[in-house]
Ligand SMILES: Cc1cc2nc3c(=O)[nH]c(=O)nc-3n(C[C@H](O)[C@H](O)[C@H](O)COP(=O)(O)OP(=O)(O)OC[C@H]3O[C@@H](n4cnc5c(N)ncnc54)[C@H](O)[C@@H]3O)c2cc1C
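The chain below stands alone and is given in structure tokens; this is the form predicted alone.
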């Protein structure tokens, strides 16, 4: 059992998913020890686990996140591609119907990594845990924080069924902790990456700190996802297909997207806001895609594909942000990252990228300020608010217009911003330069200020310089390979 008397150079990361593993990697080399505490007994390889139910839905990693992952784990992209993930150029390999019409497939500006969440997590996890400076405490539940309002000194934990070794235990649990055993893992820095179910706000009030400011914007979106085997000729190199709602039409918004992932599969997610939700019935999935979306192309593609799973369903799509950076007081040695800090409507695909960028910020801030320096955790919390704010504004700027999303509805600012963004999106359907500026922001490679330069403002005022497309920009070869021609 490791010595419990040296907590100052021990980092404890709560949560062994994407955000937690990248945070652990970020701290390796800055701490003497990094311990990841995970409630689940993690599988070997890409397999489902209880604590990640959203893995049954579509995921993508935008290039801003890919760059951050590569910075922390050089060679990660190569490992993902070798495992079966796909690199898709934006907007070259995207067939997208936006609110203002079909986007053209411009030359590559950015890219996304497409893979099932189980494959993504397993690949990143294997790369992180190959570092012998990082230890995994598996099958262990976090009960709360040790310390006081001034500083966190460790984490109170309890072993569950299948718990592994208990490094750093300061009880009599010994090297192995039986089910129900409780102890404290001492730490000089604790990172909460426990996701949407984070109890950090409650833990802080238990330490004597005030309640955190929180905002929720709930579009009422429900998700239904299903895995398909693509037609044989369309099992590689097929584009992303996305049909978005038009909020100007009124009524519920319905959307769908098809992502080509590993092993010749398509993962398809259909969604709808209040009153327009997809069914949980397997038999209704293709009908909804064909008849309820603004264009039937996804349904037509699925009619020629083979379903290989049932429908996975969720309503956990609320945008929820905790403004920890605004707290009047913040304890030393605690940082909150990932969905525990801000969780977004998954429709926009930004959670994975923001988590990766936040881990890089964590590493850089600790390296620059020095381990254990006064106010370090508060500096980290303020710094990670930057990428969080960009993704938050992108999600909330649209979701706030859904009926019932907020108590008071959209503000005047919300309406002005939405009107300008709508004009930009219309322009982007027929102007490749503006399409690139938009994807600069949606890929999380640049901040929204690039959309306010004089040249972009002028282009938005002039509108698209190419005429609107009348149908999905699938090539003749793509139509043939999918059996549509």
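From a predicted model like this one, the values you see are computed outputs, not experimental measurements. Positions refer to the first chain, counted from 1.
The same protein also has a form predicted in complex with the named molecule, omitted here; what follows describes it.
When the named molecule is considered in the model of the complex, only one residue from 353, 301, 289, 384 comes within 4.5 Å through any heavy atom, namely 353. Proximity to the named molecule in the model of the complex, defined as a heavy atom within 4.5 Å, singles out one entry of 189, 270, 193, 359, which is 193. The candidate spot formed by 140, 316 and 346 is fully in contact with the named molecule in the model of the complex: every one of the three has a heavy atom within 4.5 Å.
Using a 4.5 Å cutoff between non-hydrogen atoms, residue 321 does not count as a contact of the named molecule in the model of the complex. Interface residue remark: residue 103 is not counted as part of the site for the named molecule in the model of the complex, having no heavy atom within 4.5 Å.
Within 4.5 Å of some heavy atom of the named molecule in the model of the complex lies at least one heavy atom of residue 339. Contact check for residue 199: a heavy atom falls within 4.5 Å of the named molecule in the model of the complex. Only one of 431 to 439, 39 to 47, 417 to 425, 450 to 458 places residue heavy atoms within 4.5 angstroms of the named molecule in the model of the complex, namely 39 to 47. Residues of 12 to 45 lying near the named molecule in the model of the complex, listed in sequence order, are 15, 16, 17, 18, 19, 20, 37, 38, 39, 40, the criterion being any heavy atom within 4.5 Å.
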